[in-house]
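Let's start with one chain on its own, the form predicted on its own, as structure tokens.
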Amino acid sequence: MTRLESFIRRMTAQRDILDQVCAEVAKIEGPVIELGLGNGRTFHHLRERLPGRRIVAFDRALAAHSSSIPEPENLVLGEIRETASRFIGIDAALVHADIGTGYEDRDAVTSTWLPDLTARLLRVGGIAVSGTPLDHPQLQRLAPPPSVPADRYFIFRRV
């Protein structure tokens, strides 16, 4: 599979999962946390699917398209591990994390802190969607939609 094909599969899986969970997230109180704003495509998608919901986006530096930048009070720049830790206990309805790099060594480091951070940001019953597995005792893995191949993108509920 080419890198382009892999990217398309990842984006399709991300969209299909977010579309599935947004109906449920709309019924859960709390903000949405976007770990990894990037160019803002997912932020823009979430803003359309969850109108009026506070979405707090985190990234190392601002690189988003001008139409996909959150309000200044909802944009947090710096090392995500450090900046998002200040939001522990926010009781988020949804945490979306798309911060994998595709480099196994770097992603292995991220996997040492991302699952715990995600669990601590979510409210009980909240949903996490991630491009990487989130192995944590408080995160119960959920089945993705049929359109998403196994282990392509992941959904969890905070228990």
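Nothing here was measured: the structure is a model prediction, and the numbers come from that model. Numbering starts at 1 and runs along the sequence shown.
One more form of this protein, predicted together with S-adenosylmethionine (SAM), exists but is not displayed; see below.
I have G40, D59 and G78 flagged as a candidate spot, so tell me whether each of them has a non-hydrogen atom within 4.5 Å of S-adenosylmethionine (SAM) in the predicted complex.
The answer is yes; G40, D59 and G78 each reach S-adenosylmethionine (SAM).
Given that S-adenosylmethionine (SAM) is not shown alongside this chain, does W113 nevertheless sit within 4.5 Å of it in the predicted complex, heavy atom to heavy atom?
Yes, W113 sits close enough to S-adenosylmethionine (SAM) in the predicted complex that at least one of its heavy atoms falls within 4.5 Å.
Just checking whether G36 would be counted as a contact of S-adenosylmethionine (SAM) in the predicted complex - the rule being heavy atoms within 4.5 angstroms.
Yes, contact at 4.5 Å.
Is there any non-hydrogen atom of D98 lying within 4.5 Å of S-adenosylmethionine (SAM) in the predicted complex?
Contact check for D98: yes, within 4.5 Å of S-adenosylmethionine (SAM) in the predicted complex.
Tell me, please, which stretch of 23 to 31, 87 to 95, 41 to 49, 119 to 127 lies within 4.5 angstroms of S-adenosylmethionine (SAM) in the predicted complex when heavy atoms are compared?
That would be 41 to 49.
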